[in-house]
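What follows is a single chain, given as structure tokens, in the form predicted alone.
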């Protein structure tokens, strides 16, 4: 079903590390109910963009509009409270805390019914129910990524940001997790923005995609069309 309500709109965004421009005047749009991928090699600017959306880095120029609010002047905690959640690169586990304690951290900024949302998390990730009293640091990489996703969605965000979801995961776990994201979109209405090096999987499971190279948008379009594009195939799909 085609969605028309724009949830996130980035215009003319530039971000610097000191004198170095990491993101150069990019434009990006995410509509409600979409899965949108941002593709690019390491250093393309994907993580910088994610960190700027959630306020960990400051924009030099441009606008980030989310659900009618301008984010560039807001603090990270205010941005999270407005309805954005993030699965950071490296997962951000609190390794000495249990699975349950990590999930409880996911509702810290949100007024939601933890127990009913917990049942929803366990229905999508039954392994977390089995491991709920285990320390997060003892989980496998795939289980930690399940926990990172569970923690990010338990507060009921309007937009879920995912940074390098497939990093250091086996192909089987990658497929399972991407399929779960599609289920969460289809069944629970989540809107998802993926920053991802694994272009093949990101294009397979997303609706639209943007390709970043050295901080600039070089292509965008429907994921199915980009999958067939000769430049994308050569540069990102190994064809």
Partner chain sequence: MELFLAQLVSGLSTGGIYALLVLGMNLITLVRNVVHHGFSHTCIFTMAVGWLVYNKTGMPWLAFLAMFAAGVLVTVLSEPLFRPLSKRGADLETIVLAMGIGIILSELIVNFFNSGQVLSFNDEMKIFTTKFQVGAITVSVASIVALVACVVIAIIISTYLFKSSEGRAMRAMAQNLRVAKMLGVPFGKTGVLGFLIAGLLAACIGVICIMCLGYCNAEMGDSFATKAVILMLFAGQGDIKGGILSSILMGVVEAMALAYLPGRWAEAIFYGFMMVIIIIKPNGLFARKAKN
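Residue numbers count along the first chain shown, from 1. Please read all numbers here as calculations on a predicted model, not as lab measurements.
The protein also exists as the form predicted in complex with its partner chain; that form is not presented, and the subsequent description refers to it.
J.: Only one of 134, 82, 140, 95 gets a heavy atom within 4.5 Å of its partner chain in the model of the complex. Which one?
T.: When its partner chain is considered in the model of the complex, the option within 4.5 Å is 95.
J.: Considering only heavy atoms, tell me if residue 54 and its partner chain come within 4.5 Å of each other in the model of the complex.
T.: Residue 54: contacts its partner chain in the model of the complex.
J.: Give a yes/no on whether residue 146 approaches its partner chain to within 4.5 Å in the model of the complex, heavy atoms considered.
T.: Although its partner chain is absent here, residue 146 would stay clear of it in the model of the complex, with no heavy atoms inside 4.5 Å.
J.: Is it the case that residue 162, even though its partner is missing from this view, gets within 4.5 Å of its partner chain in the model of the complex, heavy atoms only?
T.: Residue-level check for residue 162: no, no contact with its partner chain.
J.: Should residue 99 be counted as a contact of its partner chain in the model of the complex, where contact means heavy atoms within 4.5 Å?
T.: It does not: once its partner chain is placed as it appears in the model of the complex, residue 99 has no heavy atom within 4.5 Å of it.
J.: Using a 4.5 Å heavy atom cutoff, which residues in 63-84 contact its partner chain in the model of the complex? It's fine if the answer is none.
T.: Heavy-atom contacts within 4.5 Å come from 76, 77, 80.
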